[in-house]
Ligand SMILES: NC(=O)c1ccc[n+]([C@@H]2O[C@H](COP(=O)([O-])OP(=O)(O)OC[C@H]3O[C@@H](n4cnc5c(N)ncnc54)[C@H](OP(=O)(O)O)[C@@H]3O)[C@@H](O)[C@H]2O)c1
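Okay, here we've got a single chain as structure tokens, the form predicted alone, with questions on binding and movement later.
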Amino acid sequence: MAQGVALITGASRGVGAEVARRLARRGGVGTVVINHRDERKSWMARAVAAEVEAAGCRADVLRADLTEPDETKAMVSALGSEHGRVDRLVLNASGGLEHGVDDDYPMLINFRAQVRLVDMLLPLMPRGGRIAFVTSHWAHLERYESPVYARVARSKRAGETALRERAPELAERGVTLSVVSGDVIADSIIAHMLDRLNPGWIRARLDRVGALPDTRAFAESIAEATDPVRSAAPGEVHTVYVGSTDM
């Protein structure tokens, strides 16, 4: 059995959960670690873990709110003690549209938490390690037309920029960074949230580009981006686009 370890943040549902399933089915890793934030919904993470194990891969569930440094540190410590390494890191967890969060929350989760987790995990990443940062076209291409999503997009772009600036250091360690940018994911919670806030928005997007990627297509591209055989040149950030970039 493969011995590599993959950590996926925000993996109890949606894109993160689907990435976990696909990595388990693709092979190449021996353990998929499912990170989630909300203890009340830990059953969802355990359900994903059961699917991972049914696919023949070991699963581990670690709860940590990545905006909390102490919780992040405890998760990394548990990873080190239990597995001793992290070969693939999928930075999928994000936020900022939740009801009642502070104005600073998007930057906290989409920028500072991402960089902090990478800093903490690097000592556990061997040469050949892969990091995939998951983002949206609005953020990556810096198109902020939607006032509802603008703060989230800016914060995700800040997180991406900060990680790209680390590419030379990552290369020295033999770790490769990929950025996977997606159009609006048709069956995602965010898509439906934006459509509620801007009625008719999804229909207008479909009329413009013809089709939107779904969770499965997006997750497959993310899983592929963590494949060591798809390595970019040292210090180069490999960027993957999923769906139309016509913004």
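As the structure is a prediction and not an experimental result, all values here were calculated from the model. Start at 1 with the first residue shown and count on from there.
Missing here is the form predicted together with the named molecule; even so, the following discussion is about that form.
Quick one: is H36 in contact with the named molecule in the model of the complex, heavy atoms, 4.5 Å cut-off?
-> Although the named molecule is absent here, H36 would touch it in the model of the complex, with heavy atoms inside 4.5 Å.
Exercise: R13 in contact with the named molecule in the model of the complex, heavy atom 4.5 Å = Because a heavy atom of R13 falls inside 4.5 Å of the named molecule in the model of the complex, the answer is yes.
Does the named molecule get within 4.5 angstroms of any non-hydrogen atom of S136 in the model of the complex?
-> Heavy-atom contact with the named molecule at 4.5 Å: present for S136.
Decide whether S94 counts as a contact residue for the named molecule in the model of the complex under a heavy atom distance cut-off of 4.5 Å.
-> Yes, S94 lies within 4.5 Å of the named molecule in the model of the complex.
Residue among A49, V179, I185, V29 with a heavy atom within 4.5 Å of the named molecule in the model of the complex | In short, I185.
Let me know the one among E220, D214, D65, D195 whose heavy atoms come within 4.5 Å of the named molecule in the model of the complex, would you?
-> Of the candidates E220, D214, D65, D195, D65 is the one lying within 4.5 Å of the named molecule in the model of the complex.
Answer range among 171-179, 158-166, 128-136, 77-85 for contact with the named molecule, defined in the model of the complex as heavy atoms within 4.5 Å | Careful reading of the contacts points to 128-136.
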